[in-house]
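Only one chain comes next, encoded as structure tokens, the form predicted alone.
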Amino acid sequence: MHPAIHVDVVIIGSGAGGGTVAASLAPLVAAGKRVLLLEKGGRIDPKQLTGAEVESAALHYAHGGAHPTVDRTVTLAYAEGLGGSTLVYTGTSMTPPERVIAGWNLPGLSHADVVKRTEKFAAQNGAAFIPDELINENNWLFQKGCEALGREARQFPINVRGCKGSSLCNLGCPNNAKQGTAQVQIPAAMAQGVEVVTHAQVTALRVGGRGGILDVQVDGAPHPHGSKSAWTAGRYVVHANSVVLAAGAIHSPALLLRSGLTAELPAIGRFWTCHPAHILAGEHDRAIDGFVGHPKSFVWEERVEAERYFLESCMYFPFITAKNLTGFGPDHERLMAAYERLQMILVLACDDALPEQRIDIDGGGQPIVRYKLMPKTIEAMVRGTRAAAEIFFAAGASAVHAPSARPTLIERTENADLNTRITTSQFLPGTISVSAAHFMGGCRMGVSPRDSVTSVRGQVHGHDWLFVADGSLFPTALEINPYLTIMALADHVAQAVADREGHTLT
């Protein structure tokens, strides 16, 4: 084992939460503090990205992008590398609705403050509406279909600089255009003296004096992307005055569970939620230009408050598309043969944060996800599927592939029968490919340690040295892409950490 390492602040994880905290706390280095960021994954060089789906998934995603829930009805895809899931998101940059933040009812957290912080990071990351020439026909058809139905498809800002329209966002941008934490916040933090160590997994943490003690295992095995850790392989013990846990809504709860804190904090891992999603395809009679430009530009969310779903334009490459389209054999083959003529829409449901939906750990301490599609969530996805089918047909599609229809292919002549063709009775979990987008909860903010894990400032109840700063803080599901909100909350937590370290952030 290597000699013990002593730091003032250690940050675990480098995604939207951890990368933000690193940049926000970087001024502490000039004040004489030692700030360390630990990342389980490696540093991925954009030059090594080929755009090949399976190869890129192995480089970026834990479990190759196919971590199943315990009941195997939902697949979870999350990145593992410097930058976390900001490596593979599409850059969608949106601020949360006021009703969601107000509904959290957390004294000391206002919607105005969250918006102010999201605007700061949107500016840092160059979030803006992409120019029309980068909006492909797949996206325009979504907007056209909504308009024909009297619906408003809202364009959202994207955090890119110098986008070349490769459309490979979910596989890692080969042009380094996407402005995630690996491109913006972490380099800024390192320039000010924050130390970054990759391939470093924190296996457990415990109380040590006034701070925490971390057991860290640095991996020395060869990695496909060629990056190496700044530390030599082996086990390390890190002593820190303040610890910021930002490993994401799966790994942050799992680390707290491994560390034995559940007796005093029964909510650890519980109230986990996400946006269950599935891909729909509309078949046109001509080729659709969906393979260049940015893959996502528009959202339709007018019914999200009442009906608990929203729709996004989307485009996925052949392997992911084939995996997500229901059916086998000739019917599936026929639909994939029409791939270049497919328009795509992503249906996302907003589910409830329930105590039984949770992150747990197996006998080896690895995270497992105990999450089930509840009846209300299935109903929302079915309503979203009907709405998406209407948009496809309004945009000129000749047929729609709907997973919760039997048969799954609905012809244009059956457009009037969508309510009877697409039903909850035909949405059978385990037979429909559902992916979990936007993981949230598991270390929720709140007032009482009985039903929450941290205070509104991200400080773990009963442990003034321990903070959480990622999507696991959310008390309930957000109704939009959460990345800017995660950054805003992480910035809020960073101020609490700085206060503990006797430093005021400007």
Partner chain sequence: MDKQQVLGPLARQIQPVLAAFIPATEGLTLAQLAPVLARVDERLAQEPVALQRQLRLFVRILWWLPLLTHLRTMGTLTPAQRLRTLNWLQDCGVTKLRLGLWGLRTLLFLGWYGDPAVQAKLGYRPNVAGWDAWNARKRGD
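Positions refer to the first chain, counted from 1. Remember, it's a predicted structure, so these values are computed and weren't measured experimentally.
The same protein also exists as the form predicted in complex with its partner chain; that form is not shown, yet it is the one meant from here on.
By the 4.5 Å heavy atom rule, the three marked residues Gly165, Phe319 and Pro429 all count as contacting its partner chain in the predicted complex.
This chain appears without its partner; in the predicted complex, the one residue of Arg235, Arg286, Arg99, Arg72 with a heavy atom within 4.5 Å of its partner chain is Arg72. Residue in contact with its partner chain in the predicted complex (any heavy atom within 4.5 Å), chosen from Ile368, Val115, Val292, Ala353: Val292. Contact annotation for Val207: none of its heavy atoms lies within 4.5 Å of its partner chain in the predicted complex. Looking at Gly64, you'd find a heavy atom of it within 4.5 angstroms of its partner chain in the predicted complex. Although the partner is absent here, Val447 is not a contact residue: none of its heavy atoms lies within 4.5 angstroms of its partner chain in the predicted complex.
At the 4.5 Å threshold, heavy atoms of Ala337 reach its partner chain in the predicted complex. Only one listed stretch (51 to 59, 476 to 484, 462 to 470, 23 to 31) carries heavy atoms within 4.5 Å of its partner chain in the predicted complex, and that stretch is 51 to 59. If you take 375 to 409 and check each residue for a heavy atom within 4.5 Å of its partner chain in the predicted complex, you get just Arg406.
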